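First, one chain by itself: the form predicted alone, in structure tokens.
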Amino acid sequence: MRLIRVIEAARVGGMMRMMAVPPVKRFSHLPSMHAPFSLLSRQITMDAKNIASRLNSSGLLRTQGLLGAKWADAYDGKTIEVSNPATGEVIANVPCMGHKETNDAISSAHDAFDSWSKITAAERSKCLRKWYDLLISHKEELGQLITLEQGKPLKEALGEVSYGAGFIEFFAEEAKRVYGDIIPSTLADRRLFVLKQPVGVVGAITPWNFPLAMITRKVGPALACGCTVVVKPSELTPLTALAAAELALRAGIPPGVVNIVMGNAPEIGEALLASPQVRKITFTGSTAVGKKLMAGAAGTVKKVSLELGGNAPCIVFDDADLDVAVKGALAAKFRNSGQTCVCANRIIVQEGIYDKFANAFAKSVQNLQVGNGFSDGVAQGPLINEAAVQKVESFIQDAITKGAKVILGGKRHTLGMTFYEPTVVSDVKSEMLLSREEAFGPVAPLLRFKTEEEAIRIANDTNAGLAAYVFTNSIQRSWRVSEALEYGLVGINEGIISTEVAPFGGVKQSGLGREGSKYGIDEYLELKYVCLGNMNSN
């Protein structure tokens, strides 16, 4: 089976309040988003080439795949370019690997599994703890590397390092808490108990929007319970994955436990699916690719965890605190330039507060500074590539032709490249692409509703079910709406809700399984029932 190129991952979600006053008009009193933007007016904190040079000298700028104990090029010598989305400059060339390299990585992981799964949980815990310590001690370099290849502002990148490292720390502790059960027997001469054992070799396919955290969220629990992994990072952001693998080796995690392959996504995916030695696939990315992986895993009946597309509603009720709602919706929508799986994709605002919210929200959005992620004060970096910009443009054009109004932004930024203006669109209807699919960009669509029942109906009118946000000062309403929303995660009066200590995952076509928290480690374990008979005989 042929897989679609796995270079997606992030999703959007968001909805906000609305007012029953005249339709919102374009803000003539807001500063123009097209005013000349001079990079000379800001001091770029670091030069990209100098950063790359320092990373290289520290040993963290790895440009080869990791197959067991060996850093390796593609066997046929083919490479792919990794570029800085803010400048278009090529950062490095990495190997374009395929079937052969992936099969060798699987063999290395399979060979390492026997010993890694048999060492004590305490020993695995110590290795993971050392890995966590190294990730934190190299936080600045890793943050710079993320900004360099992914484009997000450095402050956000450093936050991702802390967040991503948190999964390693958490599962280092959980490694010692994989408990089984003793079952009261139905017969006097029998003893019944349940063991939890590692599933085996895991194929982990990760996206470009969080190049570190999406890896640690999968690899952390896998290693904690004794699994070994073959990681396939996005071809757009492989350097962070390779740096993390280098630090894993420095932490004493044995060769073969963590393997990294990148390049030809269809070939790598097919090799992972076809191998009987790979017992689990974990994937973060688009629903379309997730369905193909799920179907392909049936051939060898692998366990599958999928974190797929979202279409997150952000519901703002009349009784919400306006300042809290604006701040929360802003964070939920524009973090990582709207390129997150839990992004507020639809901001659904009650009619009594619609215009008031739209004005306050647009004023906050117009203050977002766009630019190179290494520049001081930048809140929004570039989109990942040209295709991402074209998708946003097509969604906005579709909305305009169907009656929506752009009240802020709506164009490419004067910086050029893949920079796009933070955008607010009003009078969005459910039939528009902005409501039906993830824009995966810095576009906030505002929808209007009258009653609580209507808000819930609009929010649930999608095949997706990952994250949702609700802003209200009513405790009763927060409970009612949270229980009625068909989503795996719900934030009440908060726009940033992900944490390593809580389960992350969706319902409906947003995926299977959960990542993070005590529930996340169960995804990498098998249950084994053992019955001891004739226990009363001498």
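Residue numbers here begin at 1 and follow the sequence given. If you're wondering where the values come from, they're calculated on a predicted model, not measured in any experiment.
Heads up, the form predicted together with a small molecule isn't pictured, but that's what we're talking about next.
Just one of 139-147, 119-127, 286-294, 74-82 has residues with a heavy atom within 4.5 Å of the small molecule in the predicted complex, so point it out. Going through the listed ranges, the match is 286-294.
Honest question, do F334, Q380 and P445 all end up within 4.5 Å of the small molecule in the predicted complex by heavy atom distance? No.
Using heavy atoms only and a 4.5 Å cut-off, determine which of G465, G269, G441, G164 is in contact with the small molecule in the predicted complex. Exactly one residue meets the criterion: G269.
State the residue from W208, F361, Y132, F170 whose non-hydrogen atoms include one within 4.5 Å of the small molecule in the predicted complex. The residue from W208, F361, Y132, F170 that makes the contact is W208.
Can any non-hydrogen atom of T282 be found within 4.5 angstroms of the small molecule in the predicted complex? Taking the distances in the predicted complex, the answer for T282 is no, it never comes within 4.5 Å of the small molecule.
Proximity of V406 to the small molecule in the predicted complex, heavy atoms at 4.5 Å: Close contact is absent here: in the predicted complex, V406 is far from the small molecule, nothing within 4.5 Å, heavy atoms only.
How about T340: is it within 4.5 Å of the small molecule in the predicted complex, going by heavy atoms? No, no contact at 4.5 Å.
Taking the shortest heavy atom distance, is E437 within 4.5 Å of the small molecule in the predicted complex? No, E437 sits far enough from the small molecule in the predicted complex that none of its heavy atoms falls within 4.5 Å.
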